[in-house]
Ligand code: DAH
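The chain below stands alone and is given in structure tokens; this is the form predicted on its own.
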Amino acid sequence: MKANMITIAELKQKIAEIKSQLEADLIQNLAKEELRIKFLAKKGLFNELAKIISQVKPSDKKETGQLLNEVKTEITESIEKSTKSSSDSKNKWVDLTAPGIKPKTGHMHPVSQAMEEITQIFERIGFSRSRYPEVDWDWYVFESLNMPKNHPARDEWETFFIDAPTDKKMGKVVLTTHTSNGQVREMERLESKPPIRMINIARCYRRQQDATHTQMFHQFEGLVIDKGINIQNLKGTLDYFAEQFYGPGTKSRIRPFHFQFTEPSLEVDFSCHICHGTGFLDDKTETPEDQRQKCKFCKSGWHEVGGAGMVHPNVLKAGGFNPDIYTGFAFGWGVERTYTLKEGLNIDDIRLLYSGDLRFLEQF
């Protein structure tokens, strides 16, 4: 062996010394440009090391090349991972009194905002927020609510049924089609002892999907039971909510309808906040209607929002109440539907609320 020959062991020792030097420089937080010059420039430590490839035995040159490639890659990656740039190495004046940059934060989803507002509105008049299963027995969702077994709402084209064993008393397991399953459960929870003033907000599921329906949506359910409860109490509650949620001057309107679990049953409308319930955008009452500018948002002065009514005697019995002594009212409708009717939103497709599109959600 020639006197100036370098062995693999000696090469590894030199590589270890360069790595040690690089580690020390990284700890000192030298700038990237300084590190590149020191280790990777034409006269840098790595190129000086690479020159010794001519001093190794021919049989060791392959291994030497591999070792040099590995160390160069390691040096390059370590320098790239260093956080300090060359401009950072200069001493800069820092104004410690300057305001910091606020981190970007999100906010509650618009549907969650609506649920929070609805809850607070009803809490101010003595309602308590309750929550009941979103996957429940057929008995609570249908049977206890006076729906016979052949009722269309129990058809598989309307309801999602769970593949689970059927209970002899409770029936099948379903995804709740409405929040009314909480009515009898609330009566049971309070052991049939009035008064009941419940607001229940939860997810519901139906096999519908279009611009005004989604297969999963949110409903809120109001239930009041006590002695002497009547439709006037219901109408006053609806008017109160309309003014609180949509603004002063908003009114409610009730129309005869039919639901299995209320008698009498009512459809609920709220006056339009744009035309103030008139159906027209101008105040020219003396002008014939066919010549006046109609409100395109409501077309009639009113928005249909949902259902309500006096609790059916059979539902009171299912919850352990004597319908000869106690009466109650219930109401419920979709949170999304209620929210999209707010002034200034003009959302014509509730599926946007669940699109996940930040351009849409950041507007709220």
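Being a predicted model, the structure only gives us computed values, none of them experimental. We number the residues from 1 along the sequence you see.
Keep in mind the form predicted together with 3,4-dihydroxyphenylalanine (DAH) is missing from the figure; the text below concerns it.
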Is there any non-hydrogen atom of residue 309 lying within 4.5 Å of 3,4-dihydroxyphenylalanine (DAH) in the predicted bound form? yes
Is residue 200 close enough to 3,4-dihydroxyphenylalanine (DAH) in the predicted bound form to count, meaning some heavy atom within 4.5 Å? no
Partner contact for residue 259 in the predicted bound form: 3,4-dihydroxyphenylalanine (DAH), 4.5 angstroms, heavy atom: yes
Heavy atoms within 4.5 Å of 3,4-dihydroxyphenylalanine (DAH) in the predicted bound form: does residue 271 have any? no
Students should find that, of 219, 144, 252, 176, the residue having a non-hydrogen atom no more than 4.5 angstroms from 3,4-dihydroxyphenylalanine (DAH) in the predicted bound form is 219
Which residue, 206, 189, 172, 72, has a heavy atom that falls within 4.5 Å of 3,4-dihydroxyphenylalanine (DAH) in the predicted bound form? 206
Heavy atoms within 4.5 Å of 3,4-dihydroxyphenylalanine (DAH) in the predicted bound form: which stretch in 314-322, 327-335, 52-60, 30-38 meets that? 327-335
For the heavy atom contacts within 4.5 Å of 3,4-dihydroxyphenylalanine (DAH) in the predicted bound form, list the residues of 170-192 involved, in sequence order. 178, 180, 183
